[in-house]
Structures are given as C-alpha cells and as structure tokens.
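Form predicted on its own, single chain, as structure tokens, below.
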C-alpha cells in the first residue's frame, strides 16, 4: 500500500534507537523527509546514515534535549513546519513510589506529558492551515494496564492521554489527527532495564525472567521495533484521516480486557 506521505516532512523524537528509530525508518521508507532528534550526537548520526543508506530519504539530525525549551527551539529551527510529528521520550526509571521525590515526578511529567504537549502546540496550527497533519504520541501499554513498578510512567502518560482525548476531536475536521501508540513488550533497551529490576526482585536470572515473560504473552514472543514502526507509519498515512483520539495497543494480546 502506498501510504501517500512521500514528500511529507516528519519530526521523530528520541529516534536514535529503539521504537523512535523504527518509526523514523518506516516513515523514511514511505518517502517522508525525516528530522531525527536525540541527545547523543554520535548515535544519532549513525542512525541517520543507516536510514539514508537504506531508504534514500532526506534525513536531518539535531542533537538536543527535547524536554527543554532550548532543545525544542533548536529542533524546530531545523525541521521547520512538519506535516508529521512523532513524540517520544525514554520512560522514567522503574521503582517504588516511596522513593520518588517531587523532582522525580516533575522530570517524568516534563518528558512524558509536558514536552509532547509543547511540541503539539508548536506544530499544530500550521498543520491545520495546510489541512494535513498526523501526530502520534508513543506512550505505553501501562496506560491501559498500569504496571506497579512503572508508577512515574503510569501517571505522566495517562495525563497526556487525557489531554489528547480532548484535543483530537477538534482538529480532525481539518484532516489533522492525533493518536497514541501504546507499546507492550518490545525488544528494546527499556525492556532489558525492566528485566534487570524483575531479576533483582525475583532472584532469577535475566534470561529466565525474559523467557518467562515471552512465554506468558499470548503471542509467545516480544514485539519487534519494525512492527511498531510500520504501525506508526500507517497512522501517519493519508488513509488514516478518519482515525483520531485513539489509543492503539500493540502488546501481542497481553491485555485481557474487551475494551
């Protein structure tokens, strides 16, 4: 399927590795010009070179902390007025809520709620004026099924979800959609970090913990970043203009609920 986004411009956050990188690859493969942003310049440029080589797409990079006003200004100065925005940030560290002070909560809110809202604010009006825009927020399956050790993420990402639910119904009339992608267990550094905590808590090795987690998933495996990237690309497609305000869960069937 031709997704109809060749020649469109996309800004993809936290895109030097993991799910952000996968989204950038899928969008570039569809012919979008992609601006990548992450804090690590070396990894970012290596990713950009890989995407250019694989897809032939125009790829720009900005090494910046997207959670700061200065970082966002630097990114927007390079990418201009994107047609597609994919917000993403590394999740807060897992742990016990008793150990989190106010600074930990503010950092989680800045990264996983307030920064996406600031980026939406900075790019939405030009999308509305052009009558095309696709905004995808990478959140977490924990929004639907909270995970006890991920309380910082549960709280911050749920706040973003509520905000999007109110805004997305106002923008779709001008062909600007806003949706959330909720990853479950994907083969990323984040999963390995969580597995280390599970290992310490259970006394089992990381390999055993990961094997048990794979086996407990209805799919019998973890998701691959490429699967996630392609789901993102579809939500950014011309054909997805009737999908807005939704929370698309990608978890291999792990969530047991009907709704």
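Residue numbers count along the first chain shown, from 1. The structure displayed is predicted, hence computed values, not measured ones.
Only in words, not in the display: the form predicted in complex with a small molecule, which the text now covers.
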Residue 45: touches the small molecule in the model of the complex, heavy atom cutoff 4.5 angstroms: no
Residue 39, heavy atom within 4.5 angstroms of the small molecule in the model of the complex: yes
Distance check, residue 155 to the small molecule in the model of the complex, heavy atom within 4.5 Å: no
4.5 angstroms heavy atom contact with the small molecule in the model of the complex for residue 91: yes
Contact assignment for the small molecule in the model of the complex, among 186, 132, 100, 163, heavy atom within 4.5 Å: 186
Heavy atom within 4.5 Å of the small molecule in the model of the complex - the one residue of 191, 209, 33, 197 that qualifies: 191
19, 67 and 140 each touching the small molecule in the model of the complex (heavy atom, 4.5 Å): yes
Which of 118-126, 102-110, 76-84, 177-185 lines the interface with the small molecule in the model of the complex (heavy atom within 4.5 Å): 177-185
